[in-house]
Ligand code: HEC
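Okay, here we've got a single chain as structure tokens, the form predicted alone, with questions on binding and movement later.
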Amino acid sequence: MAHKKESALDRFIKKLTKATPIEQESEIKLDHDFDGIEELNNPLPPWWSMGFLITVIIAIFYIAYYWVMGKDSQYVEYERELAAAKAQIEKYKKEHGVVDENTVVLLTDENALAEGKAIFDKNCAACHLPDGGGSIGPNLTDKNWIYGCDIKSLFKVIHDGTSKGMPPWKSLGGDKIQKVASYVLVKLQGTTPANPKAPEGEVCEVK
């Protein structure tokens, strides 16, 4: 019976794997077995050996580039790009008037303070009372403050909320938070409410 002619694909697979034909496996069979499982001494496929060699070459270049030549690692590149991104964000905020914990300033303009009062009456008076004397929330008129009495600290408290039960009001947006915080510090601080709540926190002079 004539043997089937070997195709180009068959020859390519043989070169790629160097696998021993089944009829010749008895020649490369090792002299040990485990529960009837026998092992063949096939060579590693050329593609695997080539892949391993490539990884070794890459590793050598990697070590030379980053350790010997001292080039920036991916961590250094990440930190540099992160710093650049933060700088761009801060630049954007400054150019477009975006208010956050870092850019907030104390407002004294009467129109802005009037808007702050309206925001306070709508969102804050339920817990702090309209005159700021305190109910569920602390007294906002005395000199005792739990989280600090500067505009940045008050902005953060309003924006993020507190562990003592005050919810975050970040939904108001930075501009409104700045106005209501300024209203508290400029208009309520130092006044005499009708029924002030007992002082809480440490004495802090508003500046």
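If you're wondering where the values come from, they're calculated on a predicted model, not measured in any experiment. Numbers follow the displayed sequence, beginning with 1.
Heads up, the form predicted in complex with the ligand isn't pictured, but that's what we're talking about next.
Q: Based on heavy atom distances of 4.5 Å or less, which listed stretch (28-36, 55-63, 41-49, 142-150) is in contact with the ligand in the predicted complex?
A: It is 142-150 that comes within 4.5 Å of the partner.
Q: Find out whether any non-hydrogen atom of G137 is located within 4.5 angstroms of the ligand in the predicted complex, and reply yes or no.
A: Answer yes; at least one heavy atom of G137 falls within 4.5 Å of the ligand in the predicted complex.
Q: Should C127 be counted as a contact of the ligand in the predicted complex, where contact means heavy atoms within 4.5 Å?
A: C127: yes, in contact with the ligand in the predicted complex.
Q: Using heavy atoms and a 4.5 Å limit, would one call T103 a contact residue for the ligand in the predicted complex?
A: Result no; T103 lies far from the ligand in the predicted complex.
Q: My question is simply whether G165 lines the interface with the ligand in the predicted complex - judged by any non-hydrogen atom within 4.5 Å.
A: Yes, G165 is a contact residue.
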